[in-house]
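Have a look below at one chain only, the form predicted alone, in structure tokens format.
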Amino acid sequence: MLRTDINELLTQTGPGTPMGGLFRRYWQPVLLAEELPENDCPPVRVKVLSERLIAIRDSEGNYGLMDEFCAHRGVSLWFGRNEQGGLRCPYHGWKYDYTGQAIEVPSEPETSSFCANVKLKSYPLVKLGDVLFAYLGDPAEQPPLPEWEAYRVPEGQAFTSKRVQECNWLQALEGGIDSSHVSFLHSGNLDSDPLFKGSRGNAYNKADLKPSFEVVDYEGGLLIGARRNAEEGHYYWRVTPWVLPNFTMVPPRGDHPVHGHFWVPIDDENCWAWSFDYHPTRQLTETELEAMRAGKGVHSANDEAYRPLANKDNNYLMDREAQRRGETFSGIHGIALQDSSLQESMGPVVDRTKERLVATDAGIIKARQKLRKAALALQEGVEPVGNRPQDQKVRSVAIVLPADQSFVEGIGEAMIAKPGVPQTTV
């Protein structure tokens, strides 16, 4: 069980909260690059960490992220005109550049210095791969740009999607840490999903429904090892890295692309589930890309607002006949929706005072402890980990090891991302 006060500390990420302060020490994905496809394209609303913002790409290609509301009378700048080097409010013509600085107030004399004193709150917004990352924290504490391998591989080797998940970020993250559910919830998909099938590891997953877990600290977060029986005298290990505060990477299967997630709070009752696939040594094939766009693997089929087409309003298109036939364990189609349907079913913010955790929840327990400790330590001036390049150059691992060898010793440097080096996979 978790005390109510600790649950609130971990789940509340708005301005002025301890966990909100922690999140604001990290670059976070906030938009797909395709949402701002060209210079002077329409502005896009962004809600993240309970802040309502507007994103633009100006005439020179500069990306900007600023307060959604005009400093004059509070009109939403989503209605604005993005043109000629700035975003103009349609109400009275006030214009802002990509940094949020007012550059024109038509009602003021040309000799007035009024504009110089008007600036919207704004944050840096940068493009890495196919994603736009923002930093919402103290400029003096801004960390280096992210070094996640998925956004550093050559063009054509990575794909990212996002979906709205209608629950608090933490219960979504905890699903990403929990490897034990795969043998049940996703069992019907391991041999049929085009981004999972064919892996030798799938057989181990389905044959051993009682994995043992070992959780090991490392500088950026945790390494969570799930151990299942393999051939005699050997274990099959799936090692998931969790990097503070909200990054997880799923252990690979065969030569399929590696996939993972960021779980980014929209507010305290909704989050963005960011899902990526990449291959460290080759281009993604058109077949793989088609599967990802169709919502296979860790992705989902969404509407224009990135809400899954299968959602709580239509009971996630529950298929009881497929459940009876064993095609899906839960009756929900698609790995991503199998996860989110159950996580959303817990309610907007799950009441963790009612939990009864078991040994396979060791990773979740340790992650909560680390998050709480980091958030409270930051209030005392101790900077967190997870935002340094060495923390982010990390990989998940799938490997078969002798039964007498620890997974940490066995994986060696396989968890370290190195350009052009294949992933360690089964």
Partner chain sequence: MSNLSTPTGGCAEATTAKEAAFRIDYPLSAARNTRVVALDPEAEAMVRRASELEWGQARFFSVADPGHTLIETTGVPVDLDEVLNDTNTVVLVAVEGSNAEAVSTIGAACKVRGIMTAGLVVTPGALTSEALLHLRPHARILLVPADEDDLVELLRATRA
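Values in this document were obtained by computation on a predicted structure and should not be read as measured data. Numbering follows the first chain given and starts at 1.
Here the subject shifts to the form predicted together with its partner chain, a form of this protein not shown in this document.
Of the residues 377, 365, 33, 44, just one reaches its partner chain in the model of the complex with a heavy atom at 4.5 Å or closer; this is 365. This chain is displayed alone, yet in the model of the complex one of 269, 130, 147, 288 has a heavy atom within 4.5 Å of its partner chain; that residue is 269.
With its partner chain omitted here, the record of contacts in the model of the complex names 351-359 of 154-162, 351-359, 92-100, 241-249, defined by a heavy atom within 4.5 Å. Under a 4.5 angstroms non-hydrogen atom cutoff, its partner chain in the model of the complex lacks residue 255 among its neighbouring residues.
Proximity of residue 403 to its partner chain in the model of the complex: non-hydrogen atoms within 4.5 Å are present. Residue contact with its partner chain in the model of the complex: residue 320 places a heavy atom within 4.5 Å of it. In the model of the complex, its partner chain sits within 4.5 Å of a heavy atom belonging to residue 227. Interface residues of 372-411, taken as those with a heavy atom within 4.5 Å of its partner chain in the model of the complex (partner not displayed): 372, 373, 403, 404, 405, 406, 407, 408, 409, in sequence order.
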